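To begin, one chain is listed below as structure tokens, in the form predicted alone.
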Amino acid sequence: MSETRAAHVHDSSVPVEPPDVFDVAVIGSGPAGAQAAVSAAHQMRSVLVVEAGGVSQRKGRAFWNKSVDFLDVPVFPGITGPKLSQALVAWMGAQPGHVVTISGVSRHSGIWRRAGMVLRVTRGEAPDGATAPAGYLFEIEASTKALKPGVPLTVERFRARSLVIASGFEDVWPDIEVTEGADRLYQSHRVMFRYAGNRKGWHVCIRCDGHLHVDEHLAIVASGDFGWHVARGAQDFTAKATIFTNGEPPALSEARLAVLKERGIAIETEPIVAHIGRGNDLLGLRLASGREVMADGFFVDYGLKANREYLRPEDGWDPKVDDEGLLVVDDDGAVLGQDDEPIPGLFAAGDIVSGEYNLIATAFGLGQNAGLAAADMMRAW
């Protein structure tokens, strides 16, 4: 008995022009963005992934662990940040953009990646014949070449019927040996970043890197709730810690100060003026008085800045956010508005989502949730 195939896939080795309108656009290509893209493409959707790293030097928190193995990442045991980024690119590359014909109807499917720093997102009108209801179309404006002072932006525009925001956040870094007049966070804090991403350097996540300093002395550069939470989390690994407020008041309640004193955790309020290092290893900190304090591990927490500046209020965007500016979503990953109702077609995943652990395994789960929800929205009935 002969069997007729219902679907035919275009030869994926031949480059295929992308569609005029993608089913799903994903902003960000870290664990959450890559998972969202792969999950949506697996449902035969056309997916655009806009990656800022090559244009703006913005990289997810995981990337800065350049020489420290992640030990709790699913599927990728003992992998560094750059190697994880490469693995995610290869993973998305396994589903390249192509044309598939199902029951005589041809459509685009798979993933198209584009380097670009998203500048603006606006809502447009869905074209005639679009599967998604009118009003779900998103216009994405992105700078697709490296930003340089005095050089006009190279701007491209893309359209998609749904949008997954997986652009994460930027860790706020202290002003220690900052290069004045630099144009980028990475450039202005390049001395900080010199000592980031290795065992003997700056860490930004006590849950992720505390195990590197078991029973060692930690320097915690933070104040207020930030310093308290890092010190509290550090007790799983060591009882030796000092909090450096870098010229700021401790901003802690009397009760919390009493706990820290009882635990032998000192608080230094002098400003930090310089690093003491050897090669890429950070050994200590020099304070304004000239005093040098040595430590085995260095953790910093100055809060974060959510990467969602492209959702401009003047364009009508007013998503619900928490105190740190992270997006509030429902169980499907749909971004909520101020009325607690989902904003049609808009989803979020990964570190930019409020109330979730900032861990890679969490990002993968949130990415799959958002990617599948965005793909489901494309169904005709």
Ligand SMILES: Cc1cc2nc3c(=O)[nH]c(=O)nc-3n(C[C@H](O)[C@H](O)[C@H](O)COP(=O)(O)OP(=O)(O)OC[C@H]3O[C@@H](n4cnc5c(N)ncnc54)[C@H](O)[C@@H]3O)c2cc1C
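Numbers follow the displayed sequence, beginning with 1. Here the structure is a predicted model, which means the values were calculated and not measured.
What comes next is about the form predicted together with the ligand, which does not appear here.
- Contact annotation: of the candidates A295, V118, V300, I243, the single residue with a non-hydrogen atom within 4.5 angstroms of the ligand in the predicted complex is V118.
- With the ligand left out of view, the stretch that reaches within 4.5 Å of it through heavy atoms in the predicted complex is, among 36 to 44, 309 to 317, 339 to 347, 325 to 333, 309 to 317.
- The ligand in the predicted complex is not approached by L372, whose heavy atoms all lie more than 4.5 angstroms from it.
- Proximity of E139 to the ligand in the predicted complex: non-hydrogen atoms within 4.5 Å are absent; the residue sits far from the partner.
- Within 4.5 Å of some heavy atom of the ligand in the predicted complex lies at least one heavy atom of A52.
- In the predicted complex, the ligand stays beyond 4.5 Å of every heavy atom belonging to L163.
- Contacts with the ligand in the predicted complex, taken as any heavy atom within 4.5 Å, map within 20 to 35 to I27, G28, S29, G30, P31, A32, G33.
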